[in-house]
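Coming up is one lone chain in structure tokens, specifically the form predicted on its own.
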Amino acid sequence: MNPTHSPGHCRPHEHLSRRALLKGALATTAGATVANWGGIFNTQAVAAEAAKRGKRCILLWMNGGASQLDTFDMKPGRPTGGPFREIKTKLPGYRMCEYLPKMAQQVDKLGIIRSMRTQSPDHPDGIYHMHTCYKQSERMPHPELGAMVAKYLGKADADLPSFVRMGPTGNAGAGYLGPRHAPFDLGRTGALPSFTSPYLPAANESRRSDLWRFMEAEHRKERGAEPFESHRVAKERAWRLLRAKSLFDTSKDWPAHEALYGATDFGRGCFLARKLVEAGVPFVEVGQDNYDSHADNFVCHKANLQVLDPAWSGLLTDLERTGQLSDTLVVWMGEVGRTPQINNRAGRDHFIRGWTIVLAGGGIRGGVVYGATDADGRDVAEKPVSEGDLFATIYTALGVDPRAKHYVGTRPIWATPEGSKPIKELLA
């Protein structure tokens, strides 16, 4: 907009008056004033705000499916055991993979489920199923775990998104909960997209935003349909995020934390996740790739676990150090496990009859190993856990009703399938 006076343009004093009018129109028409523009980031209110919002969740997603037999459910001396050795852990009598030495010292914080028996063996449907606890084949747009947490633990007028994910992650999004709870996606390192950098001077952008709000308020008087409102809300959230985006910049803090988390993109993502939950973001997902080891399983896992071990243990250590672990649930899982049988390419294929997921932190009793597979890991021997049971446990730990009911039109849909039960032994 040209600031000089000409027909159709206002003089400076008129512009200020009109700006006040526009903001008033927004307040009276929309029923609320413009939300806080990120000022809390310069005060100690960050921690207080996060505390008021209760539990948070960080999902560490092992894309492709990590091998339970080469991490937390090893079978030494059996034909299915593989070449990795066991090491002692902090939990008497429990042993785990030699390439997770730092996590071996964190076992007292973990709830280890070794008896997952699930239903979706392939990647797209498995990713969907293990993010929503429902089958993709039902043709209902179910929300991911992150969207559900955003709905119940998020804050609508927050400057930051309620659901952030980076790297290889879920494929369902907000589903029937709608765009208000959709994920905000970052790069693998947690970097913001390039389009988040403004291309106009602040004064011009301010005038444009005021005009946009005025036009939206006028439009809303006669057209109040949900898609219009979703567009308006998304725009306001985007503006608020731009004012708070400095939180995503880890360049100053990362050098002091690199040794703890490991000098990797995944480690840096875990560090950013810790920063975000500290600032009040209720759900963050960080993905690690390359676990789909149909060939060279042991080469793949050795490389991946050496990245995972410092990042995961560093995250738990940092959450505990900053007083957040008791209120932050950390979930480690992928879409499938790996077969006990080692194929002719030294690989392990997809497996769903008995695999492992690990929980830690907020609401979870540490030092618990739940369920077991048989001697060769070919099936669950005791205490099978379904997708619904897992999600009921996660929701309960976070203080969310696992049987919360939502409506798609007139159709009722529950947060977890009928018959899903939380695992009481894992809940603190």
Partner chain sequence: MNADPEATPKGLSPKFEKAVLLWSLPWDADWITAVSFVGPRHVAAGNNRGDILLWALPEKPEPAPAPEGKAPPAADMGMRPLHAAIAPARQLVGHTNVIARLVCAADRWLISASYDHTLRYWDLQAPTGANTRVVLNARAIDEISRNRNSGRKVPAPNEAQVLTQPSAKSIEGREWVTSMGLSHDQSALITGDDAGNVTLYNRTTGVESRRWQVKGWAQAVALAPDQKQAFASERYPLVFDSGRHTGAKLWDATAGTAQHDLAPQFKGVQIAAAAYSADGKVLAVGRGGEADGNNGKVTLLDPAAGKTIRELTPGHQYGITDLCFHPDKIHLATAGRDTLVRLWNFQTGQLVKELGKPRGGQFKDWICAIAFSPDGGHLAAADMAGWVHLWRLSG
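Numbering follows the first chain given and starts at 1. Just so it is clear, the model here is predicted, and its values are computed rather than measured.
Only in words, not in the display: the form predicted in complex with the partner chain, which the text now covers.
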Answer key: of D157, D108, E98, D249, within 4.5 Å of the partner chain in the predicted bound form (heavy atoms) is E98
The partner chain: the contacting residue among Q119, S326, T322, N343 in the predicted bound form [heavy atom, 4.5 Å] | N343
According to a 4.5 angstroms non-hydrogen atom cut-off, is K90 in contact with the partner chain in the predicted bound form?
-> no
Is there a heavy atom of P255 lying 4.5 Å or less from a heavy atom of the partner chain in the predicted bound form?
-> no
Would you please decide whether P76 lies within 4.5 angstroms of the partner chain in the predicted bound form, comparing each non-hydrogen atom pair?
-> no
State yes or no: in the predicted bound form, is some non-hydrogen atom of N304 no more than 4.5 angstroms from a non-hydrogen atom of the partner chain?
-> yes
Hey, of 121 to 129, 264 to 272, 327 to 335, 142 to 150, which bit sits against the partner chain in the predicted bound form at 4.5 Å between non-hydrogen atoms?
-> 264 to 272
Heavy atoms within 4.5 Å of the partner chain in the predicted bound form is the criterion; list the residues of 77 to 95 that meet it.
-> P79, P83, F84, R85
